[in-house]
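Quick setup: one chain, the form predicted alone, written in structure tokens, and binding and motion questions come after.
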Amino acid sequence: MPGFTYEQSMLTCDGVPLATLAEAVGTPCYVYSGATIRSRVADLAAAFAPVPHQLHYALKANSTLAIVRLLRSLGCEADANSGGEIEVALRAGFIPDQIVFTGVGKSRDELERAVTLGLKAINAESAGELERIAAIAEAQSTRARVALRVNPDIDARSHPHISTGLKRNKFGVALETAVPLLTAMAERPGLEIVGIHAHIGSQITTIEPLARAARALAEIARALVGAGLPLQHIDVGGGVGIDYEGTGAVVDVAEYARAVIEATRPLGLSLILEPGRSLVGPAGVLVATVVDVKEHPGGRRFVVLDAGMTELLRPALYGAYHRIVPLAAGGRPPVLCDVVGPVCESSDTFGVDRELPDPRVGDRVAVLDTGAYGAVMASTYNRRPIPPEVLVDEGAWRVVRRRMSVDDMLMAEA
């Protein structure tokens, strides 16, 4: 099995002991399993093989250049959420026609760059954004390929901070406005309407909301085609969740594909999917070292790591759960402890009442399922350097991002 497994009581990544990597590059550090990424891309591509489709990897999940290049080598194209992510995609080797540009607040500079490049599609968020794209394209005497993002008012049943498909969320346009808006905008000489798009949220663990969103998109696409718009694709977004708690309660990829295909296949349009977390989340761990163990009156036992919210923000941001396991298994009785970071914030906590083998200073642990929204959200708060990242792939490992230095942090300052 690819990924992170215990071999002779030592946690390994695709056969390489994580303790070896920690000794070589120091902690905290991120380690990625190339084999896991390869396997998850293959499974998703196979599930959608019955219909024309393209996987557009969502760079927002992890935009480390080596990871993006690996996904490109596996046949993925790119979904960018900012001008910076467009530039990363280009540097990773994607051509403009392999990039879709999503994002709720695209600046004038970002839109001009997107139109000039001639991206596969700009997923427009509003009537005003369509107007701005049209004006830029017409000034350049060109046509910009656009898809309209709709908000289907569907509850993704995930955390409110990562729900994007309800009316109270800032994303997209209301379903009932999509057809009249696009039929009107299709008259603009600077626009080529190529698709319809929705993304209802992230970390979705049941099929029903994803199937409802696909059916809503299909209904709009049918009306647009009937109105004479020659659409090319339906973009169903991403959002499929991963098994953070180790319970197996996740969406089955084959079942997900069947639901989407059943809803959209009669239209004969190509599908675009924007997977991110589902491809890279389980492929990464954050390795950290215990720097202190202390007990407060009342029995709270605190295990302090050299990693914190500066390396992994999700637990502090919205109470996200990540399993925490020792690099060396067995040998000591388990105890309950609060696993915390070194940052001067009470929210800098990875887990409360977690069970670990009686921790001691110098022990190392791995925080699991951090390949998505881990390193990409890291910060230099408290002037803590961004950690290094290591990729294990095809029998070898290499540092794909070195540890930031203080000089790196101060380079842009006067």
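Predicted model only: the values in this text are computed from it and were never measured. Residue numbers run from 1 along the displayed sequence.
Only in words, not in the display: the form predicted in complex with a small molecule, which the text now covers.
By the criterion of a heavy atom within 4.5 Å, residue 311 is excluded from the residues contacting the small molecule in the predicted bound form.
The small molecule in the predicted bound form comes within 4.5 Å of a heavy atom belonging to residue 373. When contacts are judged by a 4.5 Å heavy atom cut-off, residue 264 does not count as touching the small molecule in the predicted bound form. Though the partner is left out of this view, residue 106 does not reach within 4.5 Å of the small molecule in the predicted bound form, counting heavy atoms only.
Heavy atoms within 4.5 Å of the small molecule in the predicted bound form map, among the stretches 324 to 332, 274 to 282, 221 to 229, 177 to 185, onto 274 to 282 alone. Proximity to the small molecule in the predicted bound form, taken as a non-hydrogen atom within 4.5 angstroms, holds for one residue of 172, 238, 341, 195, which is 238. Contact check at 4.5 Å (heavy atoms) against the small molecule in the predicted bound form: none of 54, 212 and 270 pass.
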